[in-house]
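Only one chain is given next, in structure tokens, and it is the form predicted alone.
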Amino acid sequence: MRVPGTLRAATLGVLLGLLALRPAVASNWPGVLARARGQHVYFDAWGGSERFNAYIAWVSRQVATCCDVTLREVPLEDTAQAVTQVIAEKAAGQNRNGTIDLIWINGPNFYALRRRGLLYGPFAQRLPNDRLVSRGDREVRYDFTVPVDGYESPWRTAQLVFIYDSAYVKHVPLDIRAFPAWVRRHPGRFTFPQVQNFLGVAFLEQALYALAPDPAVLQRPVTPAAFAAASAPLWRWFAKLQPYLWRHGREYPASGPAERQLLEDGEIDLMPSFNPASAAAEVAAGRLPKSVRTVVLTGGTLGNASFVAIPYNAPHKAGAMVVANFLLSPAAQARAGEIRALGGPTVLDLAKLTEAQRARFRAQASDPWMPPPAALRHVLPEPHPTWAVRLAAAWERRYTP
């Protein structure tokens, strides 16, 4: 059977990854590949994005061809569902044959499983392509301030940006403190997702970071006293913002895609996104007009990496590692970076790639609907995961009818 060129390239990429490895990795990885053959890997991931689902379908075809691994995506509405499942299996004594092999995970969900000892690892350093990761980036070494320590593997990076329609708005706020004045001049034209959604919490965390008397406290586990002191300016700020939000701040879109629909329908002019390539992708798909633009706040914005992790009781750990390794390959990273795929920055250190590989990433960064690369260099660290939980609960108590 003839193998298409793209699949041959992916196969070659995996094989070449075995060369020039540290001896300990090189001696172990062939055994992982052997054990992975014929395995079915069940990948629990947020399924609310057509582009993500299409990308994972592509990854599935690649790992099937190169490594005889069958990848099955299990779409979730919320990653917390996978966390609950693993915890329930532990409670039931199901310590060997769990139902999940791989999870797209980060932040509070990683923290919840890691502190209970419910993740397999450390495994990331055993992946051949891990050597290509940019170790200078804090967001691949820490997940919401929690050291990764090899218990999850990064595969994409993300950063909070703001998308607006320049056909109707010429100037947008570039500082959190400027938002109340902007919404007064443009009533009803801005909103953010509800706090049950990660993007809604991220917007509030961005404001908390800018307004807290001592932002350094956000890097430590939350305490009642620290939360009261840090959040007091936030509530005063939000009181000025809420009356001028979309629908007077009495309703909030359920998710990022729902918020994007409001922008597409002309109901709002400005929205946050956690994907710097989101506007470019939506323009390419014909869902947003070419007049949209993407900006980053001048003081920097919150950023993080998306990771995959393997539950402690995953029945197909070798196959899961093969998938995690492929997600870090230059071919997979370049494919993910394409605007019509996922878009957004890579987790790889481009200096470790060939010139031809680097050229693919440079071409992606030049898209006119992407923010300039320099604007994305000031990344603020995510708060400790306990802050997100406390912040969402406090916001709901104050503002949920």
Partner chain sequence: MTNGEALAAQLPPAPDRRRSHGWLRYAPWATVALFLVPIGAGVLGTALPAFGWLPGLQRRHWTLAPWRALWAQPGIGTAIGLTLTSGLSATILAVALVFGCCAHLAQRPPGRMVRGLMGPILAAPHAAMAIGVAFLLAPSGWIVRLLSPWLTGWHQPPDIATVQDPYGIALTVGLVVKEIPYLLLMSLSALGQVPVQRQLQAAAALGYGRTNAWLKLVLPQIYAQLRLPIYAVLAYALSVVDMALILGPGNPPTLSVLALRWFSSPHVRLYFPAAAAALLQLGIVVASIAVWRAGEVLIGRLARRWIARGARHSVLGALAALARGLVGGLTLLGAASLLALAVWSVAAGWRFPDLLPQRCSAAVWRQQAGTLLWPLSTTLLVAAAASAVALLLVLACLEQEQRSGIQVRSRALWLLYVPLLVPQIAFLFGTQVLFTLLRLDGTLLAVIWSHLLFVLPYVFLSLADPWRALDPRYARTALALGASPGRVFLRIKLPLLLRPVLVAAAIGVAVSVDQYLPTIFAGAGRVVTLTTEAVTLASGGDRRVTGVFAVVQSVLPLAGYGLAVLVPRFTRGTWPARSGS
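For clarity, every value in this text was computed on a predicted model and none was experimentally measured. Residue numbers count along the first chain shown, from 1.
The form predicted in complex with the partner chain exists for this protein as well; it is not shown, and the discussion that follows is about that form.
Residue heavy atoms within 4.5 Å of the partner chain in the predicted bound form occur in exactly one stretch of 261-269, 201-209, 125-133, 152-160, and that stretch is 261-269. Relative to the partner chain in the predicted bound form, residues Asn28, Pro213 and Trp237 are all farther than 4.5 Å at every heavy atom. When contacts are judged by a 4.5 Å heavy atom cut-off, Val295 does not count as touching the partner chain in the predicted bound form. Contact annotation: Val389 falls within 4.5 Å of the partner chain in the predicted bound form, judged by heavy atom distances.
Contact check for Ser273: every heavy atom lies farther than 4.5 Å from the partner chain in the predicted bound form. Of the heavy atoms in Gly299, none are within 4.5 Å of the partner chain in the predicted bound form.
Residue in contact with the partner chain in the predicted bound form (any heavy atom within 4.5 Å), chosen from Tyr164, Tyr252, Phe307, Phe179: Tyr252.
Interface residues of 190-207, taken as those with a heavy atom within 4.5 Å of the partner chain in the predicted bound form (partner not displayed): Gln194, Gln196, in sequence order.
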